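Just the one chain here, the form predicted alone, laid out as structure tokens.
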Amino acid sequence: MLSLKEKDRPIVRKLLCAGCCVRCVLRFCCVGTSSAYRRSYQDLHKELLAFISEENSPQSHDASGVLQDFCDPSFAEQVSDAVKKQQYEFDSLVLTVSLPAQLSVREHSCWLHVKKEVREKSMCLGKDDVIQVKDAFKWAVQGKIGQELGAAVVANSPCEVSISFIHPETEEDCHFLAHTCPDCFKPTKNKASVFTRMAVVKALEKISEEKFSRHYPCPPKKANTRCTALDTTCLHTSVFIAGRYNKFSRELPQTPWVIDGERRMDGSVEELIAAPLLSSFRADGFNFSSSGREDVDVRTLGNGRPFAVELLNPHRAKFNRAEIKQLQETINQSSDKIRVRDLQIVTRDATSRMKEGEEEKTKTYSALIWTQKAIESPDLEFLANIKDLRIAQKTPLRVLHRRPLAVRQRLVHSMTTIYLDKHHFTLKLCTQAGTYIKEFVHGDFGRTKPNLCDLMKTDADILELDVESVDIDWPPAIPD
């Protein structure tokens, strides 16, 4: 039995006589019992007629047919089959529904029609008391969809199943609002039409009942066609994978190297890491980020450089520790140019730790230096006494095409040396993150001051460079 009361009788009669569909009648009677909307259309229609002591009523219809034609089990099965074809793995989902913007106009018209009856009976019915079409539709179908997919339909889930409806016949129903409330409809970059649901709702809140009734019939005219359900779409929130990588090659860029639209060099660190992840998580794409970056000819050694990969719309999202460890091995066996450690699934918020206070972190480097002037071991000893050397670096010429021109203050915390021969030595540096090491050595035509050439009073250049450590305690180390 429906939870209808005596005060609902005139509303039921008025709406049925206006041709309103039975589930919309329940909505306007503020029936908030979800099971009521899951009952068959015929049963509801029969009970409502009995409630008002009528045997027949005009052929019913709702504003667009959503609650009349799409709440039966066959449509729920159709949605479920569409989801299954997309091969997602999940144990819960959130169901979202997109309705035509003009439905809000027809809904408003019905409400004014009912409001007149309510007012005459000295009753009160607020628009916010009416059950929303979206809610009624979800109550009708989500149980069956969840049953078919073997997943709980909940309010919050990383997996979203979206059902969208359009109704071309009534698209112009809301156009009069653009003339009565023009300030509510402003073009935006990302919207094909100004008649968005939010804009229409805003206009309906602003327009007076009298003005609305002059432009639009109450109740609305019966539509000749039902709305159309678009393809069911699925979307899973991103999964984030973090770890640390070593790069052992001096011919491997961190990201694909493209100059003037032409790809240079095969492969990249991000591609070697992301390819197995994309395959295993069955993701649509990825975004790669790291704590700084090394040049193509620079190795990253030691405990590696922290990185994070955002996997977009993964069709599989849950992996246990053993599976993640196996995935790490797959990456490491795919190439001898890189190696990954501490691979793990992290939250979106956790990835921000990789960038927090990045410039306050330190990095340690080892560089092979050439000097034009012949040197002896004692010539290098003074460098070890220099602590926290403050340098000013203009954006290097080699990156000026992709970085804004600026002067950056950086610290070289300490330096040690290993003498090799009269023109070569190894320089080990501990610097503030973000320091351009190559430019500190050769000076970049005076764009970095002071530089190693200034300090040693000879021209110098860097022949090889290795990152020895990136001192960021993230992500957490995972024992072997």
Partner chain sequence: KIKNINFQISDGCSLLKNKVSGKSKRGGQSLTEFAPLCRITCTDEQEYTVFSCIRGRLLEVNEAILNKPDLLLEKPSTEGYIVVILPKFEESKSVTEGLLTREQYEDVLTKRNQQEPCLLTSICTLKLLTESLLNQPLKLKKKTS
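Positions refer to the first chain, counted from 1. All values reported here derive from a predicted model rather than from experimental measurement.
Only in words, not in the display: the form predicted in complex with the partner chain, which the text now covers.
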Look at the candidate spot formed by Lys5, Tyr41 and Lys46 and say whether the partner chain comes within 4.5 Å of a heavy atom in all three of them in the predicted complex. no
Listed residue (Arg348, Arg390, Lys116, Arg264) with a non-hydrogen atom within 4.5 angstroms of the partner chain in the predicted complex: Arg264
Checked Lys394, Lys202, Lys355, Arg341 for heavy atoms within 4.5 Å of the partner chain in the predicted complex; positive is Lys394
Do Tyr216 and the partner chain come within 4.5 Å of each other in the predicted complex, heavy atoms counted? no
Within 4.5 Å, heavy atoms only: does Glu464 come near the partner chain in the predicted complex? yes
Under a 4.5 Å heavy atom criterion, is Arg447 part of the interface with the partner chain in the predicted complex? yes
Is there a heavy atom of Ile259 lying 4.5 Å or less from a heavy atom of the partner chain in the predicted complex? yes
Which among 408-416, 421-429, 23-31, 66-74 is in contact with the partner chain in the predicted complex, heavy atoms within 4.5 angstroms? 421-429
May I ask you to list the residues of 284-315 that have any heavy atom within 4.5 angstroms of the partner chain in the predicted complex, in sequence order? Asp297
